[in-house]
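First, one chain by itself: the form predicted on its own, in structure tokens.
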């Protein structure tokens, strides 16, 4: 298919704006200098150029991780045209490409203290399909097979009518006042523009919100790298000199385990030189660790199946939202009239000078306002970069929470696009009713 056919097919039925209108408004907007975090030896001027508009949709979702996937499918199920942009060759983000295979934070302590599941909706759809295929284990914290998961995510997008564009890195936005007119992408086909009525930033790093000029904060966090080992079911426990050693957690594939790495603390996940250093260091450490495992009696057949294709960057930017959810609110069961979902908890967390055990941590609500930026009318933010304070980062970035914020953001984006209104102007009570129909838990 050539570019003209592509444009005709993807833009059919959309009457968002004329190309000349984009160009005129882009020319009027102020030039924003995006400051690099790397040492700059001066600056060069790039010649002005026209950017071809190759596609358009009611809702454009940037990032195909759990949040972006959920946002895209939810918006498409509302009857909107949806384009999902993903820089890699697969959906799932760090869930699949980062080998962060367990779906955590779906449960927490309910009002009576019992362990309660609060993450349902699209999360249940995906995990249910994988359980049915024998590609998911552990009911409490579902552990998936990454390849089966990629397949299921692709199929659900296809069935919903989402147009997924892989190999495309969102590089900028074109603004008209307080609205995003188009998302600019870089890819092998060149520098291209995607028109939109509403945008959902599920990039993980909050790239779209940063380019849009809305306020956000940066968080340094630990970065690691995960791996999978093979033949872990062929350990010879009867070998002379055998001593048991850890070879990772079980996955749905017999003999394949997941090896977790916390990595280095307080790392800048927006510095590519730092990321490159960590990538090489961690890959070397994993290789040497596996070779050490293999050198022990009985473990000779164990091998390194793969290191994760994606480095484990956990948090970088977080939105300074209309309402930023605090750790205190999560721990005190604060109720919000605009709640769009709930998250659970997983590990112990520092709180009020002590540490609260995972089993004692309550489920908590997420308000719609935590997805709303200040100053950009047609932008919503979901996934690990929505509005939360740093003390809540451990829970806010988990896959279960990403499903919740993504499903709500996609549904809201579809409502805003259909009504041709700002994301902050939709009827939140109707949004909540729709989410209930989608089996989303709003309160316990």
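Residue numbers count along the first chain shown, from 1. Just so it is clear, the model here is predicted, and its values are computed rather than measured.
One more form of this protein exists, namely the form predicted in complex with a small molecule; it is left out here, but the text below deals with it.
Find out whether any non-hydrogen atom of residue 260 is located within 4.5 angstroms of the small molecule in the predicted bound form, and reply yes or no.
It does: once the small molecule is placed as it appears in the predicted bound form, residue 260 has a heavy atom within 4.5 Å of it.
I'd like to check something about residue 55: if you look in the predicted bound form, is any of its heavy atoms closer than or equal to 4.5 Å to a heavy atom of the small molecule?
Flag for residue 55 set to no.
4.5 Å heavy atom contact, residue 86 and the small molecule in the predicted bound form:
Judged by the heavy-atom cut-off of 4.5 Å, residue 86 is in contact with the small molecule in the predicted bound form.
Since only the chain is shown here, I'm wondering whether residue 156 would be in contact with the small molecule in the predicted bound form (any heavy atom pair within 4.5 Å).
Answer no; every heavy atom of residue 156 is more than 4.5 Å from the small molecule in the predicted bound form.
Please pick out the stretch from 361-369, 103-111, 244-252, 190-198 that is in contact with the small molecule in the predicted bound form, where contact means heavy atoms within 4.5 Å.
The contacting stretch is 103-111.
Please identify the residue among 212, 330, 316, 310 with any heavy atom within 4.5 Å of the small molecule in the predicted bound form.
Of the candidates 212, 330, 316, 310, 310 is the one lying within 4.5 Å of the small molecule in the predicted bound form.
From the list 344, 204, 341, 146, which entry has a heavy atom within 4.5 Å of the small molecule in the predicted bound form?
Partner contact (heavy atom, 4.5 Å) among the options: 204.
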